[in-house]
Each structure stands twice: as structure tokens, then as C-alpha cells.
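Here's a solo chain for you in C-alpha cells, the form predicted on its own.
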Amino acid sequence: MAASAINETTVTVEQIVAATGGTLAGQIDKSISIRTIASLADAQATDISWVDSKKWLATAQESKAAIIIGARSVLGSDHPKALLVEDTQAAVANVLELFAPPADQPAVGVHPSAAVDETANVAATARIGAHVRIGPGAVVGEHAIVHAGVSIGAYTQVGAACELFGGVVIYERCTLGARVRIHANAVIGADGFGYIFRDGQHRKLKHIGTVVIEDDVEIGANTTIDRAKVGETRVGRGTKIDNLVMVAHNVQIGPACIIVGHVGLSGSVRLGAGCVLGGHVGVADGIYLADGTQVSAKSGIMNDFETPGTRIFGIPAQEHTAAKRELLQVRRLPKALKRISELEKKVAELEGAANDRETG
């Protein structure tokens, strides 16, 4: 379906220039309307696009877009369609907000089908959707948005301006700070995966701790964050977690971390501030990663990294330079083995010739 069928919003060039703080390089009429923002290849004559690398300049030249956002160092000063900005990504973020369709939200108040315990405290400005369940003693803060089918357990606290999308489950006794966004079907506060093997069977360990999600955290769809055995599992302020991430019991995630899809954090893992974990990273239990650690996708971390800002990858993960050197050596093995085989044949031939001379 075309973008215009979904979002009928149009924005003038003047509004876009104001939002980005940019400068038009060509003689573009500021009063004309722009239909949407699109990729260089898909943009039409009434659209705006962007370019953030010189490798896309050829595509930009062929693009039908009316305006192309970019840095002067990329587009130059005389590109007829250029909107020159200091920070392309930030400018695109601002333009996306201009074109964002109106949010689909429940009305202020409590939907008639919601089940809210009489001891719960729901702010008058909150929006509680259809078939929501809010347990005893739970608190839902000012301007919180709780979409259809969400379950909030007993004595859980949901802070101001949080947004919980459809199907989210927050177990009992968890705490969400302000402006937390949790996407569809995520589960916060389920039991950690803890058992002991006794008398021929796995005996479950009770998990009596909690989960604390600090302010401005965003959690992707179908992500799970388990409650602590004792104490708390904590996600630091401003951290962003992608879809399908597993956070085990007693994990401590520092502020402003980025955790990409399919990451698995085992029990009691500790991440410092600003760590970045690529997709499919696995971290063994109890591991510590210092502030600013960057982990490449598919890595398996089996030991601590205590130096801030270390870049690591591999299985088992190691410092980036060492891992690249080792990988390069592994890739040379087939040639090395072939060479060894050839040398072994030559040695055997020389030994055979020597034996012939001795016996002749």
C-alpha cells in the first residue's frame, strides 16, 4: 500500500527546513508540500529523501526526490536538491517525526472491559485499554498508556508517561520508571531459570526478587526480562533493548546500553554504561563487561572484559585486533596444509632417493 494511503499528512518545505535547521542549496520553493520521506530509490517527485555516504551519490543523482537531506561534505554545496545539514541522522529523525501518523491510543480513562482491582491506584490522566488487567495494589502513573490485553501484576508500579503495548505482561512486584516503552508481548518479571537436581528430578528454585526498569528504557516485542532469585534484575536509564532478547535473573544492565535482537544474557551478567551488543550475542553467567564495551554480532562471551571501550568478537570472544589476527590465520590454514602436504611428499621422495643410493 502506498505511503499516502496510510498517512495523508503533508508538510511544507519551510517546515522541514525549520525542523532540521538546514540550508537549501538550490532554488526550491519553500511553500510547496512534501508527501512523505522515502528511500532514494523509492522517492517520487513530491517526496524527501536523504544520503549519508558518498557511496550513494550515484543513486542520489538518479533519485526523483524533490529534496535530498545530506551533509555538505557528502552532497557538496551546489546540488540542486540538497538540504544541507550538520547531522544527517538527526535531521532524518526530526523529519520522521513530522510525518509520523497519529498514535493509536486508548481514550483517557479506563475501558469498561478492563479489570482493575479496587486497591489499585490508576492516575486520572492514564489511558487504560480494552481487556487490561491491573492487580491489587498496583500503581499506574500520570499519562501512562496501557494498550489492549496488557496484564499488570499485584503491587507493580508503572511510572508516568510509560507506554505498554498490546499483550505485555508485567508480573507482580516489578517497578517501571518514567517514560518506559514496552512493545507487544514482552514479559517482565517471570521466574528466572533456576533448578537444582535432587532425587532424580529438577527441583525448582523460588525467585523472590524483582525487576527494576529505570527511566526512558525501551524494550522490544517478545523480549523477556526475568525476576531475580533474590534482590533485583535491573535495566539502567536510557537503555534500548531490541526484539526477542533474553535477560536472565539478577542481570544488571547499565545506563544507555544498546542490546540488539536475539541477545541472551545469562544469570548475574553485569553490563557497564553504554555497552553495545550486536545480534545473537551470548553472554555466559556472571560475566562483567566494562563501560562502553562493543560486542560484534554472533559472539560468545565466556570471560570478563574489564577495560572500558574494548571491542570484542568471536567464539569465545576476544579483543577485536587479536580476534581478527587469529581469524586471518585460520583462513590461511587450507593453503598451509596443502603446502605441508607437498613438502611431506618431497621429503619422502628425497628419503627414498637417499635410501636407494645407500643400498645401491
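Source: prediction; values computed, not measured. We number the residues from 1 along the sequence you see.
This next part talks about the form predicted in complex with a further copy of the same chain, which is not shown.
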In terms of non-hydrogen atoms within 4.5 angstroms, which of the given stretches 304-312, 31-39, 60-68, 287-295 touches a further copy of the same chain in the predicted complex? 31-39
Non-hydrogen atom contact Q27 with a further copy of the same chain in the predicted complex at 4.5 angstroms: no
Taking heavy atoms only, is K240 within 4.5 angstroms of a further copy of the same chain in the predicted complex? yes
Quick one: does P101 come within 4.5 Å of a further copy of the same chain in the predicted complex, counting heavy atoms only? yes
Test of understanding: in the predicted complex, would I196 fall inside 4.5 Å of a further copy of the same chain by heavy atoms? yes
Within 4.5 Å of a further copy of the same chain in the predicted complex: residues from 135-158 (heavy atom criterion): P136, A148, S151, G153, A154, Y155, Q157
